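Single chain ahead, by itself, as structure tokens, in the form predicted on its own.
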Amino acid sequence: MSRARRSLAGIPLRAALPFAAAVGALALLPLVLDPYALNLVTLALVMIAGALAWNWMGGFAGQVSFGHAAMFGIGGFVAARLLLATPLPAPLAWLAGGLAAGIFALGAHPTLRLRGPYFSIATIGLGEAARLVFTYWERFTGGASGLSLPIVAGGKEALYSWALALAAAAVAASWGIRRSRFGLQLLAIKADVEAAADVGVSATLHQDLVFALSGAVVGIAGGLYASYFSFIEPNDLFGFDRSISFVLMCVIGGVGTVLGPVLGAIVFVILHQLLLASYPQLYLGLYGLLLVLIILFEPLGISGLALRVARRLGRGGPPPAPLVTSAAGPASPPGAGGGGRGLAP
């Protein structure tokens, strides 16, 4: 069989067929789920899209952002205002929210001059500034009172389908980016920005592009989130815990992998619901403890654990690369997983 026949849109059939089957099975879930379970799965799908988009910046380019809540909130509020003030269909309003979030990410270009913890600290300030601005911009966001949104045509089932489509598109985009020349250039920047520049890779251009793409998809996820819950307020969408959640989902599943953020988002949503019900005052502290434990004992999260098990069974690839990087580059030699394709399970 030729290579063309063994692939579907550039994705090997051995990966494309199970993926298509999984999406088809998920599309039928509303037929058997009760309303609470449907809400939970829809939220997980929205978070999967957001986590994968964050991973393009934090995992592929190595710039760990703690400010993606700003893009999530901008996408949500722009989409909400369009739905309230215009007859625009909901999907177009979400796309417009994503475009606004992507433009905002481009406006954060000066932060990309920083690397490592300096960039992370700058994005914390960026996210908090956006939260304060939108909280006091009551004419646009409703302030602390928030906004109530109209019900989208088709109800919860239609929104579930859109969330599934967005998550599936984010998975396919992650696969494509990881195996493209653009993805390899991002990995080169992550490994050593100066060495990448020496071979003609523009760190500024590539980081701008990936930050804008990441922000746009997170913004679309914010618009879909707003429509699904029919009510939004700035402290929810722009809260620092929202930014932490994107980081934690990728850390739980495996930063820099393709399927890791998917697994991490599913685990995170389940944990979030359990912790909110049992420890509503402590869940942020428990998230922080979980983050520290994973970084210390399993830097690639669930994906790293799966690779270790596979190696013990004699089927594994190269050892997983560490999550923590310094401002100058990775904590281990670049050849230890930073530039290859073995990280993506």
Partner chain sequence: MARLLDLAISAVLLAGLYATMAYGLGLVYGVLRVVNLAHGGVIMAGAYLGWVLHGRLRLDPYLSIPLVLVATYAFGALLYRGLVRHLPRGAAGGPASLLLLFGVWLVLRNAAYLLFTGDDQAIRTSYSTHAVPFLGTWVSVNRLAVLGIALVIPVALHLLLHRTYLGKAIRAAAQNAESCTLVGVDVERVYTVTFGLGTALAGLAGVLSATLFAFNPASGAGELLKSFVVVVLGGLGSVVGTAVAALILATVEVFAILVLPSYLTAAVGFVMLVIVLVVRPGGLFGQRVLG
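Residue numbers count along the first chain shown, from 1. Not measured: the values here are computed from a predicted model.
Just so it is clear, the following notes concern the form predicted in complex with the partner chain, a form of the same protein that is not shown.
- In short, of 210-218, 68-76, 195-203, 127-135 it is 127-135 that has heavy atoms within 4.5 Å of the partner chain in the predicted complex.
- The contact with the partner chain in the predicted complex, taken as any heavy atom within 4.5 Å, belongs to 117 out of 176, 150, 89, 117.
- The closest heavy atom approach of residue 241 to the partner chain in the predicted complex falls within 4.5 Å.
- Residue contact check for residue 185: none of its heavy atoms lie within 4.5 Å of the partner chain in the predicted complex.
- In the predicted complex, none of the heavy atoms of residue 44 sits within 4.5 Å of a heavy atom of the partner chain.
- When the partner chain is considered in the predicted complex, residue 27 lies well away from it, no heavy atom lying within 4.5 Å.
- In the predicted complex, the residues of 95-112 lying within 4.5 Å of the partner chain by at least one heavy atom are, in order, 110, 111.
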